[in-house]
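In the block that follows, a single chain appears as structure tokens, in the form predicted on its own.
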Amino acid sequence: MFYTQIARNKRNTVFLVCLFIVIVLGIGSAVTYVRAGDYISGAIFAGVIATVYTIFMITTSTNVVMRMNHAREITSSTDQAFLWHTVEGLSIAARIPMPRIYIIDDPSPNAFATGISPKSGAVAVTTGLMNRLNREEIEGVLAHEVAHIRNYDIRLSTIAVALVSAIAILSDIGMRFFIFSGGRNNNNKHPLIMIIALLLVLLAPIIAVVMQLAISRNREYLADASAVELTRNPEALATALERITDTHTPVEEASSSTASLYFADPLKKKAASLFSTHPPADERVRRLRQM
């Protein structure tokens, strides 16, 4: 069952990333069409901006997230021995280098992973997670985070953030072109294509954010399935998710920019929506108990 789910989530993620790239190129074309009636140069321009911005994000993101969340690194097995040995065992099972381990001093139970590749992976857990959950539940949560590293989810999220930022930049440029040109020099522009281009400039940033969050939600299902592959214990992960979700205290160090990285929503938003960073906990539990 979970192999089927892993395969389905990988297909969905690839589809969403391809759609992201199409939107980036489309909005670039729209910008130059609004300005000069030319769409090819805009696609090339957008591709260059998106590529440069993505490379910049990937090369500068390591360690930044840990500092933002005031996480303290554990450097030996004598400090938090159970946590150290559990991560070590899971990384061996996942066939990846052992991630660096961090602790966040916060009573709310939660965890997250970061790192753009398994070689630079890192796992952070709150003290609340270690104090409130039993060993099997902690192992399930850690397996979920190790799975994120093994599945290159963080790289995917970083690329998604970069593409959303590139789309926002292009949309802003397009609006300035339209405002300052005042709709002049429209002789070589088809009216219908002009309307479509303007709608794309206006709506693309919103669509991109929704897609970014869809990727974030999608990778949570994949990480759940991958964690079960590592532990063979879906019930422990399901009960861990229920206990973390039932805790209504938010993680103080979490922010909207890092919320999507956490195992469960650290901000404790009450209502699920298109702009949720995580899929509904009930659906995740249901899928886990079907495995």
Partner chain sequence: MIVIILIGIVVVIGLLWAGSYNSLIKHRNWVEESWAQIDVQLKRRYDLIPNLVETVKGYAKHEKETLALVIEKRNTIAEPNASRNERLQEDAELNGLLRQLFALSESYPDLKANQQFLHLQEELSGTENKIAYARQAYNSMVMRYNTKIESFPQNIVASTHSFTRNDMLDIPDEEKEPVQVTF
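Not measured: the values here are computed from a predicted model. Numbering follows the first chain given and starts at 1.
From this point on, the text means the form predicted in complex with its partner chain, which you will not see here.
- The contact residue chosen from I206, I179, A81, I195 relative to its partner chain in the predicted bound form is A81, the criterion being a non-hydrogen atom within 4.5 angstroms.
- Of the listed positions (L230, A236, V34, L222), a single one reaches within 4.5 angstroms of its partner chain by any non-hydrogen atom in the predicted bound form, namely L230.
- Of the candidate stretches 222-230, 240-248, 48-56, 24-32, only 222-230 contains residues with a heavy atom within 4.5 Å of its partner chain in the predicted bound form.
- Judged against its partner chain in the predicted bound form with a 4.5 angstroms heavy atom cut-off, the residues N218, D282 and R289 are out of contact without exception.
- In the predicted bound form, none of the heavy atoms of P118 sits within 4.5 Å of a heavy atom of its partner chain.
- In the predicted bound form, its partner chain sits within 4.5 Å of a heavy atom belonging to T86.
- Its partner chain in the predicted bound form comes within 4.5 Å of a heavy atom belonging to L90.
- Contact check for S77: a non-hydrogen atom falls within 4.5 Å of its partner chain in the predicted bound form.
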